[in-house]
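Shown next as structure tokens: one chain only, the form predicted alone.
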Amino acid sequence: MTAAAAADRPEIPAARFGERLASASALAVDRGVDGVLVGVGADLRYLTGYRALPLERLTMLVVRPLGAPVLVAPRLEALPARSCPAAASGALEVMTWSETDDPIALVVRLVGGAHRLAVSDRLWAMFVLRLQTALSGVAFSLASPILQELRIVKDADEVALLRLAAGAADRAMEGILRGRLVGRTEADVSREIGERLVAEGHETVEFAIVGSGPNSASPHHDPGERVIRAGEPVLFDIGGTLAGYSSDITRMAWITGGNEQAGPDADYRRLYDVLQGAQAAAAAAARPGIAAERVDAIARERIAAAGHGDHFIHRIGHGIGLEGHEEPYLVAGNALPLREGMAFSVEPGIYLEGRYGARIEDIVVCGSDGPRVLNEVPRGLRLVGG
């Protein structure tokens, strides 16, 4: 990504973090919680803009319904903590502790008198257990019902960042599909995917799945030394983070090696046609009010009718944002109605173990009147000659 392109990236306005902190405090009151304790991770970044290091030294955001929010941080992390958007804009106080201090005692003082506290899902157990010992009369619960309510609907700036990440992943995918694949190992192609994602602006590469031949029937295949050859499919599932927001796209190629006789067999073509129709129908159904589980069912019914019901072995999708997998999950049993601004994958798959498989995945945002599909790489089976 060029310097000019990086400068054009949308950013979350600093004032937004103060609004998020205020909303978290209000929700805590509504849920009858006396404080929300947030450790390092996506929840902390969402509320403050702080990309804290995951250390054995405690970093914790304390959101108090009856007091200003406080970020407790090790003294050696004082500069980045005070530079985060929420603190720099005055919406957050930063309290630091030194090596010989007890940070748990500092948190205890901040939540003095609390009867119920909610902790973020990713808070390390060693911190939770120490807090429970120090606050023996306090009831602890997960903060996810509060924090997910805030994070599950993306604002316009977040959608713009998701679109930016999707576009970068699209370009990386197109580059791979247009390049040479025959004779290379899955691991070698996976490494190139990672390089392309970084070249397109990604800070991290979270996965670069390359599953060739029978390995395409393993949804989370770990690319290895198998050599890609003509006459077989290859599954590419790639993603990472750009400006903190996640990308995730899956496409299929069939390797012909320039030989028409090495093209996909009739069974695979039928399988892929069913899959493509199911994915398109499910994505088209993603609009406000439809239950998350119904999006899954729409694809599953089509796949089952074609005789592949037992070969679709995972949910159709997961939410996406600051994390690659977050709420909402599009799966049977989740009756949550979709709302405008929710972002998620739509990725049905059909896997014939020991033979081959296929998956098509796009990131979709629920718009006011229907889906907004962020990925633009064509979804048809790509025939690759070289």
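All residue numbers are counted from 1 along the displayed sequence. Just so we're clear, the structure is a prediction, and the values are computed from it rather than from any experiment.
The same protein also exists as the form predicted in complex with another copy of the chain; that form is not shown, yet it is the one meant from here on.
Colleague: Which one of R122, R229, R287, R171 is close to another copy of the chain in the predicted bound form, taking close to mean a heavy atom within 4.5 Å?
Modeller: Spelling it out, the residue with a heavy atom inside the cut-off is R122.
Colleague: Find the only residue in L79, A105, A305, A88 having a heavy atom within 4.5 Å of another copy of the chain in the predicted bound form.
Modeller: Exactly one listed residue reaches within 4.5 Å, namely L79.
Colleague: Each of R75, S218 and H314 within 4.5 Å of another copy of the chain in the predicted bound form, by any heavy atom, yes or no?
Modeller: So, yes: the whole triplet contacts another copy of the chain.
Colleague: Which of 278 to 286, 253 to 261, 95 to 103, 238 to 246 has heavy atoms within 4.5 Å of another copy of the chain in the predicted bound form?
Modeller: Going by heavy atoms within 4.5 Å, the stretch is 95 to 103.
Colleague: At 4.5 Å between heavy atoms, is L322 in contact with another copy of the chain in the predicted bound form?
Modeller: Judged by the heavy-atom cut-off of 4.5 Å, L322 is well away from another copy of the chain in the predicted bound form.
Colleague: Closest heavy atom of V331 to another copy of the chain in the predicted bound form, within 4.5 Å or not?
Modeller: So V331 counts as contacting another copy of the chain.
Colleague: R57 versus another copy of the chain, in the predicted bound form: is there a non-hydrogen atom within 4.5 Å?
Modeller: It does: once another copy of the chain is placed as it appears in the predicted bound form, R57 has a heavy atom within 4.5 Å of it.
Colleague: Although another copy of the chain is absent from this view, report whether A291 comes within 4.5 Å of it in the predicted bound form, heavy atoms only.
Modeller: No, A291 is distant from the partner.
Colleague: Scan 119 to 149 and note down the residues that get a heavy atom within 4.5 Å of another copy of the chain in the predicted bound form; none is a fine answer too.
Modeller: V119, S120, D121, R122, L123, W124, A125, M126, V128, L129, R130, Q132, F140, S141, L142, in sequence order.
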